[in-house]
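Shown here is one chain on its own, the form predicted alone, set out as structure tokens.
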Amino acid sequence: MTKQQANWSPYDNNGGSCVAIAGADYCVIAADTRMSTGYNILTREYSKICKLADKCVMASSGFQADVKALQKQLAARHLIYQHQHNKQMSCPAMAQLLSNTLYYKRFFPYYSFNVLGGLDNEGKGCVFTYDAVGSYEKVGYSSQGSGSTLITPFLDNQLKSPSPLLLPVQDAVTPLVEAEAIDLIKTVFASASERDIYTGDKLEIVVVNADGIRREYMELRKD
């Protein structure tokens, strides 16, 4: 008779999708609000988007317990930075901090897949995309999470950014104006929620521009 045993894992994948698009003077970060485990929906009202600084926002999918631990760690490090430098971190500085924080835990990683978006020191939109152990890249747009395999080809088709190997180096920001970027994000989430069971319920959109941060919501399918 085959010996049977229960396998326990320290990780879970709570699903959900995140998207960020950078423009000339704005950044749009969006995520759905469904949190699942297996075929069970745990809550339909869970925000995956975290404000890290006045002009820097992070959206995370994956294991939400690890995401919460990561957010607390970044908030603590940012507070120390503010006391030492008497100013908030810029978005590129926060991007490097997030990379270092993830890499520090590479042997027992935070099981979180992050996109970081905001405005850089010149007021231009920027998006940084990550893997679970801190490798990151500055891009014009990015998608992470359970619906990213559906969303990324759509964004590539609409926004394909120039190759980073081309010289001179091309600017990564997308040519869209803010309203077009918001409409595109609504379209990709409406599309992804039709095929991905872990994406749905409600779409939360955070827009970062010179006026500050504002939020919008759109209903997605609930089944």
Partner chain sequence: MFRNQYDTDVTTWSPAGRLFQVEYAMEAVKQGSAAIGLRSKTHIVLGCVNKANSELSSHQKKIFKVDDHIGVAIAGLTADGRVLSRYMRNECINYGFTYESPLPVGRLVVQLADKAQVCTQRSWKRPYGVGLLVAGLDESGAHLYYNCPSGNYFEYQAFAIGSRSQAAKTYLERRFENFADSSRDDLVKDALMAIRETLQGETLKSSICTVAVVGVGEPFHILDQETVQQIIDAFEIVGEQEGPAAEPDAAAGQGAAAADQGGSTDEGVAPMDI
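On a predicted model such as this, the values are computed, not experimentally measured, just so you know. Positions refer to the first chain, counted from 1.
The next section is about a form of this same protein that is not shown, the form predicted in complex with its partner chain.
Asker: In the model of the complex, does each of 97, 100 and 106 have a heavy atom within 4.5 Å of its partner chain?
Answerer: The answer is no: none of the three residues contacts the partner (heavy atom, 4.5 Å cut-off).
Asker: Using the partner position in the model of the complex, report whether residue 86 sits within 4.5 Å of its partner chain, counting heavy atoms only.
Answerer: Taking the distances in the model of the complex, the answer for residue 86 is yes, it comes within 4.5 Å of its partner chain.
Asker: Does the 4.5 Å heavy atom contact test between residue 73 and its partner chain in the model of the complex come out positive?
Answerer: Contact check for residue 73: yes, within 4.5 Å of its partner chain in the model of the complex.
Asker: Only one of 148 to 156, 135 to 143, 112 to 120, 77 to 85 gets a heavy atom within 4.5 Å of its partner chain in the model of the complex; which is it?
Answerer: Every other range fails; the passing one is 77 to 85.
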